[in-house]
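Taking the form predicted on its own, here's one chain by itself in structure tokens.
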Amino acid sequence: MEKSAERIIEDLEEGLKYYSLLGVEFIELPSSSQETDYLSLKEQILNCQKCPLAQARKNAVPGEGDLETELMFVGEAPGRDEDIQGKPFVGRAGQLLTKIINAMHFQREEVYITNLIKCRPPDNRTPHADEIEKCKGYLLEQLEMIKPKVVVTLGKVASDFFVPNRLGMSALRGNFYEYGRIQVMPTFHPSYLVRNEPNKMLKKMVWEDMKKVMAFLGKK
């Protein structure tokens, strides 16, 4: 299993502490261009001031996960919990997403999770078109670095970015669409499932979508 950039940094720090205890004053470490580029992009996102959303945020939320993964999940924007913690999908919707990922025979650390918009819009409103325009470059860079085979878009806003159309989610979901070399699978946002928890059919539809993703990636 490939490690996330954050985990790699933690391991390197522990190793440096060990060598320091041994009295080693200098050690040359191998570098990874992908990891370097990713950390540079992360720093840009954390310090971004491109739009007014930066003024109200507590934390920008770049995303997290495996940089070598075949599977990426892209939501709309961070919510309150994500803004506080600086991590994607950590509230109730995030807990449900983690369960879905586990049911697909992945660990959360084995996929990459991010949002179209990296800062929380006020009151969790839908991102404005100009906010998406100013922020989309970060997602495009992440796609170029990670090169996933499949992107699961969570909700209408993220789905419309990859598959511009006038269809509602019920008509759009469940089918693969091409975005360059990437296969895109639109499905309902976990927060929508949480808000409509008594509706078991919605969860069934999402699971049918994920089974198609699993089949495409050779997961049984």
Ligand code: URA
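Residues carry their position along the shown sequence, with the first being 1. These numbers come from a predicted model, not from an experiment.
As for the form predicted in complex with uracil (URA), it is not shown, yet the points below apply to it.
Taking the partner from elsewhere, E131 is found to have every heavy atom lying beyond 4.5 Å of uracil (URA) in the predicted bound form. For the chain shown alone, C119 is not a contact residue for uracil (URA) in the predicted bound form, no non-hydrogen atom being within 4.5 angstroms. Using a 4.5 Å cutoff between non-hydrogen atoms, F73 does not count as a contact of uracil (URA) in the predicted bound form. A residue is said to contact a partner when one of its heavy atoms sits within 4.5 Å of a partner heavy atom; P148 fails this definition for uracil (URA) in the predicted bound form, lying far away. Contact annotation for 108-140: a single residue, N115, has a non-hydrogen atom within 4.5 angstroms of uracil (URA) in the predicted bound form.
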